[in-house]
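Only one chain comes next, encoded as structure tokens, the form predicted on its own.
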């Protein structure tokens, strides 16, 4: 396995001429977990889908570099990317009920990657499917194989989705808000399960999250995204317990998980992708913004192990 499982260099993704991701650079070492956090519309899920090769021309235009292991995703053909999905990369989608095909059974969903990538026969697929369902905590797995998605609870659907993503033991697991569609009572169970399986495989993981406190529990590193850019990135506990970028500090101040005595939501709204301010994109909402912030875009600068894109960290 390469020392780096994911590397983005000056990655820009445009949809209908509008930059949804703008000059994103990021490195994820093999065996580590990364959380992408930020408000809705920050570009977190877009970055995750781009890494999977699910956002490609002509739907979008890609510039820069995006590597998964030794494979360059930008410019790669579908023939090149297809063998990577499931084997090198696996993905847990946000809404399992929408991601699972209602016309196919649980066995159908699990057998597809096993037949395609592992070349297993019918009996071997069934045996492996039973093992996978048991590994994600589904009781009496053999009887669940013939169930259709609508016959399962939300928690069971998400467990099936995890089993599918891990079926071929990928090196990189991408989880796009894997608990947002679930009841609060089982969210912690699902996240613990995902982490347990990732660590058992010695794999890397990317979590798209809104929950800052959860990010400190599941991630080695955190990348804070705002308006299509990464504004702060570094070790999770350092970034979230001692934030230096004004946006990260604002996220922390508006989160009940950090024992705030009084919540202080960030003023204003995320700017439209088609009308981004010049200079720092957070400047219109930042109380510490100066004239320099409105005129020039800050470049990420290293402050110890943390990289911050801010003129006044």
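None of these values were measured; they are calculated from a predicted model. Numbering follows the first chain given and starts at 1.
Although it is not shown, the form predicted in complex with a small molecule is what the next lines describe.
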(Q) Taking any heavy atom pair closer than or equal to 4.5 Å as contact, tell me whether residue 42 reaches the small molecule in the predicted bound form. (A) yes
Q | Residue contact check: residue 46 to the small molecule in the predicted bound form, 4.5 Å heavy atom | A | yes
Q | Heavy atom of residue 14 within 4.5 Å of the small molecule in the predicted bound form | A | no
Q. Applying a 4.5 Å heavy atom distance criterion, does residue 211 contact the small molecule in the predicted bound form?
A. no
Q: Would you mind picking the one in 52, 273, 266, 30 that has a heavy atom within 4.5 Å of the small molecule in the predicted bound form?
A: 273
Q: Check each of 177, 220, 238, 108 and return the one that places a heavy atom within 4.5 angstroms of the small molecule in the predicted bound form.
A: 177
